[in-house]
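Next up, structure tokens for two forms of one chain, structure 1 and then structure 2.
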Structure 1
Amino acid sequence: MTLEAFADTIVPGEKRSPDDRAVAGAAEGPGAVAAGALELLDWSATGVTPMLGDLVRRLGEHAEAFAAGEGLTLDASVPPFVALTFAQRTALVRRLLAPGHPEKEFWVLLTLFSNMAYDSAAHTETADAMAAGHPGLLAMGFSQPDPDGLWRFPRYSYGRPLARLHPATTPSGSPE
């Protein structure tokens, strides 16, 4: 739940159900969680999987310290980071990712993979992800491949001169 809440802070999405606590519902449409962030983080190929338990624990501690600093009382029925509002999660994650934070590189990794689940579906073959309507790739307007799973764009050029060439261009096409 804590990792879902983290991924949702990076690429927020709509709640999966009215009582969804991890996903804050801060944006329309599916976010990193619906795009498969947990699946990607759970895959050992990323290298972050063995750290996840530790990162969840630390995120809980940071959330508690954050709450104490702001004088907040956290709902004890969910993990501390999940108990924060979206704005509070964002404020905390900003601190963890800021240059100079001693744990920054771990939070950067978690951020990178949360984002990758959404913008490139790095846990799924891309052609399959497109066929299955992967929410991130779809939202970005990534186009469908040809039937053989490869992308080709036979139309690619305005096909006319659009600027004057630099006067000192050499015959090899390079700058002088």
Structure 2
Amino acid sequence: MTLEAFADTIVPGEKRSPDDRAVAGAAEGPGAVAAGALELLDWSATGVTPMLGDLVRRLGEHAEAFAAGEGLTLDASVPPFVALTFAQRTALVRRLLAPGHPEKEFWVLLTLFSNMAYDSAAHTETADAMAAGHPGLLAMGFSQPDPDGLWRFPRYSYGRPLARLHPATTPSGSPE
């Protein structure tokens, strides 16, 4: 829940159900959690998976210290960061990401991966993400592949070809 709440603070989305505590519901439509932030964080390619438990613990400690400093009483039925409101989560994350914070690099990593889950679906094959209706790719207007699963673009993005095709290029775009 803590990692979901962090990802939702970075790319907010709507609650999955009325009793959802991790996703604050600060924005309409799906956010980082719906886009697969936890799946991306749990993917060994990120390199952060072994430290997630420690980051959850540290985020809880920071949330408790934040609450104490603000005179807040946290709901003990959920993890400390989850117990914060969206505005409070945002204020705490700002502190953690501020220049000079001794743990900034770790929170920047979580922030980048939360964005990456939404912006690129890096943990999923792009064609699979599009077939599943990945919310970030759809929100950005990423085009659907052609029926054969390949992406082709009828117009050049710069309005002209940037280079001539190599004579050995196959119809599928691969070199021989």
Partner chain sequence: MSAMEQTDVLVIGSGFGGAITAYHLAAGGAKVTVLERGPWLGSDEFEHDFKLGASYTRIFDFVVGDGMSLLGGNCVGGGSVVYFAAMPRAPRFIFERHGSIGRRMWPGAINRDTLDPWYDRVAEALPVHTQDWNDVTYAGGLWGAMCAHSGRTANPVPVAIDNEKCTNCNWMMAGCKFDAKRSLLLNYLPAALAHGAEIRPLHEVQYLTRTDDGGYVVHYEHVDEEDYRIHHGSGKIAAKMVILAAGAGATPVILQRSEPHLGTMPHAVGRYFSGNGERLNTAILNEDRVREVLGLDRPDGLPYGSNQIGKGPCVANWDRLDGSLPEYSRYSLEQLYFPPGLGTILAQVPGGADPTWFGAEKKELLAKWSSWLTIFQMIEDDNEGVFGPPPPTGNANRISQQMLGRGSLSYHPTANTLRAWAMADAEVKDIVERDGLAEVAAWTNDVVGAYTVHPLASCRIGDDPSTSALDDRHELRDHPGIFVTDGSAVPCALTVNPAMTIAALAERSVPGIVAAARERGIDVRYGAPSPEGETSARRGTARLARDLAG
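Each form is matched to the other, and the largest set of C-alpha atoms that superpose within 1.5 Å is called the rigid core. Quick note, the numbers are simply positions in structure 1, starting from 1. It should be emphasised that the depicted structure is a prediction, and the values quoted were computed from it without experimental measurement.
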- Which of the two shown structures is the form predicted on its own: 2
- Query: Pro18: with the rigid core matched between structure 1 and structure 2, does its Cα shift 2 Å or more?
  - Reply: no
- Message: Core-aligned, what does the C-alpha of His166 shift between structure 1 and structure 2, expressed in angstrom?
- Response: 31.6
